[in-house]
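Next up is one chain by itself, shown in structure tokens, the form predicted on its own.
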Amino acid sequence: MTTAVNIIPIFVIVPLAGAFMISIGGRKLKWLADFLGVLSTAGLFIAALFALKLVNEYHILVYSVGAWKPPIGIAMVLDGLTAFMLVTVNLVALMIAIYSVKYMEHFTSKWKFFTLFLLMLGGMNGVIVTGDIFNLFVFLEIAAIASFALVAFGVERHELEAAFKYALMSTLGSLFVLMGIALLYGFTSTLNMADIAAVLAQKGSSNIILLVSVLFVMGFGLKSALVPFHAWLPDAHPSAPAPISAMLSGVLIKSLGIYTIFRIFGNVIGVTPAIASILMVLGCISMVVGGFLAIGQWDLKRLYAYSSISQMGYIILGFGIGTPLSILGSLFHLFNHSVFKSLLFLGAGAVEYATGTRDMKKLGGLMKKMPVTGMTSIIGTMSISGVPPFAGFWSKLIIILAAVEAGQLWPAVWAIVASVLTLAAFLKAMKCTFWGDVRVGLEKIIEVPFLMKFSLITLALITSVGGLLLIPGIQNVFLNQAVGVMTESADYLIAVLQHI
């Protein structure tokens, strides 16, 4: 076990080292950014799979940074939820890095892109593995700052405006989080998350903890773009280059927002009935409002961005219901959405790469010219809309069944309504973009390069067979360990404190 824990800091060291090396040599060695970008993400994905194996063997591993034992020192923790998120984030990052090798040739200074990309990935991985709540805030800001720059990467007027709005709203969310951490530290005199949970278990409930909970809901709600904290997302995601749109919507809002809600409320503060009700209400509102807003969009990436708000609602609803089945559905939908939303944004990027526009009023008939992009986008559409047998159907079905089982009938109804709205919005997108006759001016376009098609096909295959993750053997390895972390929070506390 002593050797096994050394894998944990790798998830932070590798992307930060890669970003540093690209920033030093990428300007002169044009191939270095592509090589280190793909190599780093491939290595991280392999390490994530190995971490999953270690979790199933040891259940929980704790690494003490600098050999300083927590709670004085900083701890990094690898458990079922950590391994699940690491696999999800680094799988998507690998596909996006491969896609970016060709796509980012449209932009100057590709080495700057990969430097920021790996910096953002290092921040996300740091948020996932840390066991220290202030350290979580630090990594969260590293990822956020890199993402601000990437949204503005094209330096056009609308991109700079979107990046400014994103930075402003994200900073407000960070302020709420920092205030919550300060109050929590003042109440417990510790920053280690397991130690905080132990102190709170001794002291019992308090108005301070209620205030902290509200601050965290607002702060992390902004990071995850839940309604009414969503205003920044529809501008930021479409404005970024397609690989970053996929990264932002696919995994960033989940790492900085959804995962942190899961970890802090699931393992540190606990979920009171009032907080659970708030989360369910926010989830239902986000599902329906995001679905309605998506229908009215004519910018392909903007439509996809609004649908992300809707899909975050499903995930939060599952967590708010709070039963093992609903949490299983929530985590499964988190993984599925990471895959099919990344696929859809990369597909939109392929359309823009080939045609120079993402205005659906100017598109049409692209299935005849771009069959790979068209078919993979349709697979993503079927999955996000909850059409069987694609992966999104199974995760939505589990959440709806869990709501009915828990006696939450109205949330189940709203989940079904939101799925119908999503289907309507995406059928519109597919019809306007890929079906019908080829529009005048698009007769000579061709399919995107091989590396871009490789990422599209791989993600489409994963979302097509994603339902296989519910096979008992695979579910026990990948999903059930993560569910157990949140349903048996006392085990997390005991396991971490044993290493102190």
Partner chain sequence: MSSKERQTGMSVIVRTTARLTVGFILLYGIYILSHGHVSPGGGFAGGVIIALSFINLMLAYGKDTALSKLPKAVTSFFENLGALILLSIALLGFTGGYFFLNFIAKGEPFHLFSAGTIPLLNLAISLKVGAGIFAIFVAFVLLKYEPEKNKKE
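These numbers were taken from a predicted model, which means no experiment stands behind them. Numbering follows the first chain given and starts at 1.
Another form, the form predicted together with the partner chain, is not on view; read the next lines as being about it.
Pick the stretch from 441-449, 454-462, 467-475, 56-64 whose residues have a heavy atom within 4.5 Å of the partner chain in the predicted bound form.
-> Stretch 56-64 is the one.
Check all three, 13, 17 and 20, heavy atom within 4.5 Å of the partner chain in the predicted bound form | All of them do, each having a heavy atom within 4.5 Å of the partner.
4.5 Å heavy atom contact, residue 6 to the partner chain in the predicted bound form | Looking in the predicted bound form, residue contacts with the partner chain include residue 6, since a heavy atom lies within 4.5 Å.
Closest heavy atom of residue 69 to the partner chain in the predicted bound form, within 4.5 Å or not?
-> Yes, residue 69 lies within 4.5 Å of the partner chain in the predicted bound form.
Interface membership of residue 30, the partner chain in the predicted bound form, 4.5 Å heavy atom rule = So residue 30 does not count as contacting the partner chain.
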